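Presented as C-alpha cells, the chain that follows is alone, the form predicted alone.
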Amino acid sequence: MQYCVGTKVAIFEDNKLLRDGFEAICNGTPGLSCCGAYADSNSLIHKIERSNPDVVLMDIEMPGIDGITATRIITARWPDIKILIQTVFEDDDKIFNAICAGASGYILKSTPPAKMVEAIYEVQNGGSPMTPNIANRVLRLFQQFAPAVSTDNENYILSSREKEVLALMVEGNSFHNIASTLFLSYETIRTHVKRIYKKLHVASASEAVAKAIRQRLV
C-alpha cells in the first residue's frame, strides 16, 4: 500500500492504553508520524498549534471538551486539517453530529490497525473512510434528513464511469475498495474522484455523497 509522505497525526484519546497503541501504530508506519498524543481536548487551540497535524484522530467521549465540539472548533479554525473520528459508539445522533461538525471519516476503535492506517491515508487524500456499519447508518441518515432537491437549473454531466464511482462512494466504499470493484488502479479512481468533485462543485467525498443523495444523481 502507498502511504502519504510525512503525514503528521495528532491523537486525542483519554484511554492511555489505546492512546499509546495509536501512537505506536502511527510512528511505526512509513510516511506517518505522531505529532501529539493527548488525553483530552482542553487547551485545544494550543495543542493544535503546537502539534500542527495533517490528520487528527479524535475520540468522541473525553473529559472536558467532547470530541464533537473539538471537531467543530478545529474545522472552523483550520479547515485543511482532516479529522477522523474514532469511537466505540454506533449511535445515530453521534454519527450525524460528528459529520455535521466537519468530521471527514468515522470508524470504530475496534478497527484493525491496518485498516486504521488505511483510513488515515484515505482521509488525507480527500476520502471519507467509514466502517461498513457506519457507512450504512450514514446513508440512511442522509436519506432521512436530506430531501430531494430539484436539479432543473443544474447540469452535472457525469460520465458513466464517474457515476459508477460516485455510486460506490455513496455506498461507503473506500477508494481502494472502489478500485478493486471496478478493476482499476487506485490512482485512476483518484483521478475520477477529482473530476467528480470539480463537476459537482464540492471539495470532499462527504460533500459529493451528500449532493448525490439529495439530488438523486445515482
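This is a predicted model, so every value here is computed, not measured. In this text, residue numbers run from 1 along the sequence as written. The term rigid core refers to the maximal set of C-alpha atoms that superpose within 1.5 Å between the two forms.
Just so you know, the form predicted in complex with the DNA exists too; it's not on screen, but the next bit is about it.
Although the partner is absent from the chain shown here, none of F96, T111 and S128 has a heavy atom within 4.5 Å of the DNA in the model of the complex. Among the residues L184, A167, A39, I45, the one placing a heavy atom within 4.5 Å of the DNA in the model of the complex is L184. None of S180, N27, N52, T188 but one reaches within 4.5 angstroms of the DNA in the model of the complex through a heavy atom, and that residue is T188.
At a distance threshold of 4.5 angstroms between non-hydrogen atoms, L18 is out of contact with the DNA in the model of the complex. Within this chain, H201 is remote from the site of the DNA in the model of the complex, having no heavy atom within 4.5 Å. Proximity of S159 to the DNA in the model of the complex falls within the 4.5 Å heavy atom cutoff.
The closest heavy atom approach of A205 to the DNA in the model of the complex falls within 4.5 Å. With the DNA omitted here, the record of contacts in the model of the complex names 159-167 of 159-167, 66-74, 52-60, 30-38, defined by a heavy atom within 4.5 Å. For P53, a C-alpha deviation below 2 angstroms is recorded between the shown form and the other one after rigid-core alignment.
Here V209 counts as shifted, since its C-alpha moves by at least 2 Å between the shown form and the other one after the core is aligned. The pair A76 and I196 is at least 3 angstroms farther apart at the CA level in the model of the complex than in the present model.
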